[in-house]
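As a starting point, one isolated chain is supplied in structure tokens, in the form predicted on its own.
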């Protein structure tokens, strides 16, 4: 019994933390403002601590083929737990929204991410996906007094339901063709690349592209980033992207590796369109969160191009790029979260005018984030871009690498605009002193410095990515 429970202790910890938060909020009429935050932090710390010993655990399939424990599952879980922990620690306690509800839903979403990472069955993947998706809809709509948040939540919900239906239809086609939902069995059974299989994979890939926010399934990204409160946008832009990678790996690599020539073309097309259009549209944005939304689409294009190489190195570089992207985006949202107050929220680029005069340290942290997103050495973003470009060149996709470099130059324009506003634009209206805590400032400083340190010494993170990508994967 203990051997069965041990691999799922992280999920049980999250579920127990969720139940405990519900009980506390039910029985204590006026809990302390930070009670829910403390409970959420403890839950995530314990979940991470119980997941770490499983990292070198032997590959094991549990619960009649529904759940798998392998380096990929545990590595992505640990990454997601750490990302959510940093998000929770940097979240401002805001009177406009119910803080305990936000943290509770974020734990539900984290549980959905955890399920996706270890899913070994298409139905289990779908259940984890819907647990995550429903949580995200609730998070976006949490600010009930904001018309912008309500509108964003409705758009996100409608598009999400359509994407889930398309994804589920793809799964039903797979079941109709092969009579099983088990990923490992599908890997063995799929031999011929039939038209029906191509259609099914196309439908499934639509669902994956929506979760990543790739074009043409992208319209929810800028609207959600702009309409959601900053803490919610911070969460949505980070941890769910890790779940999307797990979803992609479990389906395309674990289940459909034998027809990689089919989905590689689809991934390549999505990546190129996202890279080009995402960066071009971002140029015209004046709302900073919306700008981050379109830039996210461009970054997803980079990740997809790495996967489209069809090589193990490409997968490793894409995962490395994803983790660095999560860190860079986290820093950018954390800075505007720390700068915002209940009287004034930092939304537009002009709100950053002369920020260096009043908040030099936060300006430097934002500089780190923007330079890293451009890919300027010695920041982490440089090595992330370099690893993807190297994998493209090694796969004889030189023209694709050139286009990616040109789009990086385009992206540099709007990232440098942010730096220009911070350091060179003068204004008479200064951003007031933030109402953030010392803990929040410490988390922002830690993540900002991490961007620089990883850029100077990327080997540990790169080795981590290489380790969690299956060693027997032979795409080459």
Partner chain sequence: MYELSLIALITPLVGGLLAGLIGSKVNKSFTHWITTLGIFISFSISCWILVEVFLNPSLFLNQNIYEWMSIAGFNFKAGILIDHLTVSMMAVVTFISLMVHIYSIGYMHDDPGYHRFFCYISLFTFAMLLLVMSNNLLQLFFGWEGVGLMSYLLIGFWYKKESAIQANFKAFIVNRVGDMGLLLGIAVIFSIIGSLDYQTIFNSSTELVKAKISITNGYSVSAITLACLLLFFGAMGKSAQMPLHVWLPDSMEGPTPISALIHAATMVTAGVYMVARMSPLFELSSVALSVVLIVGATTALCAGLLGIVMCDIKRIIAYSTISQLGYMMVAAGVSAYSASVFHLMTHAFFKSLLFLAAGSVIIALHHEQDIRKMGGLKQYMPITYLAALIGSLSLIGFPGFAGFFSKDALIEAVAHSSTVGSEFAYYCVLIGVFVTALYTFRFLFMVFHGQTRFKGGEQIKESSWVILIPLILLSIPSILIAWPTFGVLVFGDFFSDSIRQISSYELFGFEYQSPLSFLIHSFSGPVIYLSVIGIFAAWVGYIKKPELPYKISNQFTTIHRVLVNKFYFDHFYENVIAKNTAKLGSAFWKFGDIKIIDDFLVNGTAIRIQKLSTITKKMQTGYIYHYALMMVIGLSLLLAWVIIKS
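Numbering follows the first chain given and starts at 1. Worth saying up front: this structure is predicted, and the values here are computed from it rather than measured.
Quick note: we don't show the form predicted in complex with its partner chain, though the next part is all about it.
Residue contact check for residue 290: one or more of its heavy atoms lie within 4.5 Å of its partner chain in the predicted bound form. Taking the partner from elsewhere, residue 294 is found to have a heavy atom lying within 4.5 Å of its partner chain in the predicted bound form. Although the partner is absent here, residue 213 sits far enough away that none of its heavy atoms falls within 4.5 Å of its partner chain in the predicted bound form.
When contacts are judged by a 4.5 Å heavy atom cut-off, residue 222 counts as touching its partner chain in the predicted bound form. Exactly one of the stretches 68-76, 376-384, 319-327, 161-169 approaches its partner chain in the predicted bound form with heavy atoms within 4.5 Å, and it is 161-169.
Using a 4.5 Å heavy atom cutoff, none of 181, 191 and 250 lies near its partner chain in the predicted bound form. A single residue from the set 410, 419, 62, 41 has any heavy atom within 4.5 angstroms of its partner chain in the predicted bound form; that residue is 410. 277 is the sole member of 277, 127, 85, 336 with a non-hydrogen atom lying within 4.5 angstroms of its partner chain in the predicted bound form. Taking its partner chain as it sits in the predicted bound form, the stretch 192-219 comes within 4.5 angstroms of it through a non-hydrogen atom at 195, 198, 199, 202, 203, 206, 210, 216, 217, 218, 219.
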